[in-house]
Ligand SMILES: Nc1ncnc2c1ncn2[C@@H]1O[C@H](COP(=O)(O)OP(=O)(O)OP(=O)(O)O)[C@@H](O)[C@H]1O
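Encoded as structure tokens, the following chain is the form predicted alone, with no partner shown.
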């Protein structure tokens, strides 16, 4: 069952079409991420959903109700802002209870609701603490508690982790996911961070120039991008230009502009000019000759650059025609290969995706 439905929603600012005829359905209890680069329209779309912006055209349905013309306070939504928007002069209890007091609920009911939601977000016992005494991750969870205590049908999150350091972002996004699933609320999460989107979402809607260009589970989008833009935006990719054709033996091959050919067996219904997307983790590096296996591509290469990131090193290698590939190596195996070494790359013929131009 859909909790949120958008039908041909558009919004322009002058000559710029920030949201361009977007149609979308979000299932009840789902965490959907709106992902894309700056200026793609994701935040504008979230503000339209929250009621802070009115669309130029289109219909917005939430919980089987047409909310297109309703102001924010009349919609079944709560919004967690990027900067949390907590009141520094109020303590934790007063911040979480703020919306309930506006609704003039009995104080006994407010105290009960605040206590319950603070337990959900793992901050029971902090009611009397000043907001300034909380860490960034704790403040984020208080902002989440303030939104959830209103019992919305839809939770909207506008890049709520952008103000946290890298380690705290990872910890906090786990908290958000656990809280969202435990409450069972429908959530729409805006971010430009692909790792966040992949780790926290049930589905991802990737936006480009005001349009949703692909939607699916993180696994679907990562393994089967439908365009060069999506392949380049999600994760690390080796994107090679060339032509997919059939050789004399009937084997599907991808021929680079440099003349190098390798075997392809996945996504080969469309042939012709295009790009081949090969994820780095599908490639293996060897310093010694490897056994010839029919389903394996074998290519000579030279190490050009190494980026050390602790548990993984990324090797930038050059193959025929000065084409570059990115290859990861994990753990102690990193120390055996250095800049300038000649190596052999292998990858299965069913790895990668061909995308026709």
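Residue numbers count along the first chain shown, from 1. If you're wondering where the values come from, they're calculated on a predicted model, not measured in any experiment.
Here the subject shifts to the form predicted in complex with the named molecule, a form of this protein not shown in this document.
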_Tell me which stretch of 30-38, 302-310, 322-330, 60-68 has a heavy atom within 4.5 angstroms of the named molecule in the predicted complex._
30-38
*Look up in the predicted complex whether residue 44 has a non-hydrogen atom within 4.5 angstroms of the named molecule, and give yes or no.*
yes
*Might residue 345 be said to contact the named molecule in the predicted complex, defining contact as any heavy atom within 4.5 Å?*
no
*Hey, in the predicted complex, is residue 18 touching the named molecule, heavy atoms inside 4.5 Å?*
yes
*Would residue 159 count as touching the named molecule in the predicted complex under a 4.5 Å heavy atom rule?*
yes
*So which of 263, 75, 192, 279 gets a non-hydrogen atom within 4.5 Å of the named molecule in the predicted complex?*
192
